[in-house]
Ligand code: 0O2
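Take a look at this single chain, the form predicted alone, given in structure tokens.
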Amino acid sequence: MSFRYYYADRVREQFTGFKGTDEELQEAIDSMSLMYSSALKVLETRLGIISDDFDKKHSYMPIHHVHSRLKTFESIMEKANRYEIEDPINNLDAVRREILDIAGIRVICNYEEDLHTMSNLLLDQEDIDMIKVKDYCDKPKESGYRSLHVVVAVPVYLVGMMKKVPVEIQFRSIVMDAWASLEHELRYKNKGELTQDIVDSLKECAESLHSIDERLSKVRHEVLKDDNKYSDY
């Protein structure tokens, strides 16, 4: 992922109130892009190392795959307005302080029980700071959505300086991610509006899939309980 993710000329087309020059706007944008894209690289590397080491020690790799993203500048400004940040295009420091999911990473684990294992191993690292946690695994959202959301501050080392950059991590099982991805697609295709019958059906699907997630974990432990190095983790 290139750090130059946003461009001043495109930003000015939508947000005309910036008080400085195009060069100053591009410098501010480049600094933001570099910080958040670097934080994603750091986290992806850290998580990959944790998963590889877990595999070496326990003969099991808990992370199925990882997906990262940066919010578009338009999306950042829209959220800043919802947060009632005054004149956000000229107050990017406040935007960075208040909006904690500019950079996001989705960690898809094989089973639900892996979510807290990976989260705890990451948070055990001394230079990773936990900002907040929202656990939707045991207490899902009204829609049926399940996931473990963890916001961390990641150290990014640049030339002669280090900054802690917030990143939102969504830990999901494969089953959780399948439901969330399909539910999101349905809402997107229907511009966010779904009938109550559809909403109820999706919630029922979420509950059914959660039961399957739990059953798969039980089957996994039943199959691997004998002579297996990680059966007690």
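These numbers were taken from a predicted model, which means no experiment stands behind them. Throughout, we count residues from 1 along the sequence that is shown.
A second form of this protein, the form predicted in complex with the ligand, is not displayed here; the remarks below concern that form.
Trainee: Spot the stretch among 86-94, 118-126, 99-107, 156-164 with residues whose non-hydrogen atoms come within 4.5 Å of the ligand in the predicted bound form.
Mentor: Going by heavy atoms within 4.5 Å, the stretch is 99-107.
Trainee: Looking at Ser33, Ser173, Gln170, Ser51, which is the one with a non-hydrogen atom within 4.5 Å of the ligand in the predicted bound form?
Mentor: Checking each option against the ligand in the predicted bound form, the one that comes within 4.5 Å is Gln170.
Trainee: Is Lys56 one of the residues lying within 4.5 Å of the ligand in the predicted bound form, judged by heavy atom distances?
Mentor: Result no; Lys56 lies far from the ligand in the predicted bound form.
Trainee: So, in the predicted bound form, is Leu194 in contact with the ligand at a 4.5 angstroms heavy atom limit?
Mentor: Leu194: no contact with the ligand in the predicted bound form.
Trainee: Considering non-hydrogen atoms and a 4.5 Å limit, does the ligand approach Ala180 in the predicted bound form?
Mentor: Within the cut-off, so yes.
Trainee: May I ask you to state whether His65 is within 4.5 Å of the ligand in the predicted bound form, using heavy atom distances?
Mentor: His65: no contact with the ligand in the predicted bound form.
Trainee: For the stretch 75-95, which residues lie within 4.5 Å of the ligand in the predicted bound form by non-hydrogen atom distance?
Mentor: Stretch hits, in order: Lys79, Arg82, Tyr83.
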